[in-house]
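Shown below, as structure tokens, is a lone chain in the form predicted on its own; questions about how it binds or moves come after it.
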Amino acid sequence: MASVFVVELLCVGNELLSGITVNTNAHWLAGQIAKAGGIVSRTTVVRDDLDAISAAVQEALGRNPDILITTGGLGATYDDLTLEGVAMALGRKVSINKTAAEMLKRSYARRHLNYKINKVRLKMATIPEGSTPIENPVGSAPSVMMGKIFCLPGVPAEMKLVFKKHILPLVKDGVGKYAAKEVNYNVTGVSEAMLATTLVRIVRSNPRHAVYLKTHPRGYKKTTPRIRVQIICRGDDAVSVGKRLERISKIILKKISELGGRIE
């Protein structure tokens, strides 16, 4: 790959830590970023708490990711504190942004909602000073951009549209030329431990981030172990990636055969 593009995710919400809501946003974002060739180095989940949000933002920025994406906490209720927390981390104030307020008005008009832009709703247009609002194409609260920080809504449909339009192109540009190929083998008669040494040797003999090898246990058939071997190769072009995948597959398949295993 032309370069390694690192993204961190910060998901905000009590509901994510209380078992009420499954964090599907992090799962979806990680998949999209990985497909584009980026790397999600860390996902952090914090409660709706100013100090927790601020500390998490500072810690993430201290690791210097290329992009930090937050999800959740942009709404009009008392516990929507993400933008205040980000502002605190950056040493900024929050104030009503005229562009964000206009976006809010357009969102109501687009959905034929006869809502007044009162103090409560203006909370969604109160953003860190010096930041840029991003229009929400299907919901109310604008997203917000501050340099490498992108604050997205927690509602999945809203988050996905903003990510695809405004962030995914940045990831692709940052990664540069990118190709990936994957193959999976369902194996019977070989355990994870039996293949571990071979996989370590392969990973160490290839460029970092070029190869991902993973064994997934599939239980036992009576006393016979069953696993899935996942091989992902990444690089600048499909031809070289395909050759690496073929070479690694041959090594692993040969070892499985030597160990008395078989491919289902």
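Start at 1 with the first residue shown and count on from there. What you are looking at is a predicted structure, and each value in this text was computed from that prediction instead of being measured.
Missing here is the form predicted together with another copy of the chain; even so, the following discussion is about that form.
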message: At 4.5 Å between heavy atoms, only one of the stretches 93-101, 142-150, 106-114, 173-181 reaches another copy of the chain in the predicted complex; which one is it?
response: 106-114
- prompt: Among Asp66, His166 and Lys254, does every residue place a heavy atom within 4.5 Å of another copy of the chain in the predicted complex?
  reply: no
- line: Exactly one of Ala36, Ala210, Ala30, Leu61 comes within 4.5 Å of another copy of the chain in the predicted complex through a heavy atom, and that residue is Ala30
query: At the 4.5 Å heavy atom threshold, is Lys160 in contact with another copy of the chain in the predicted complex?
result: no
field: Partner contact for Ser191 in the predicted complex: another copy of the chain, 4.5 angstroms, heavy atom
entry: yes
field: Ile231: touches another copy of the chain in the predicted complex, heavy atom cutoff 4.5 angstroms
entry: no
Residue contact check: Ser205 to another copy of the chain in the predicted complex, 4.5 Å heavy atom: no
task: Sequence order please: the residues of 30-46 with a heavy atom within 4.5 Å of another copy of the chain in the predicted complex.
output: Ala30, Gly31, Ala34, Ile39, Val40, Ser41, Arg42, Thr43, Thr44, Val45, Val46
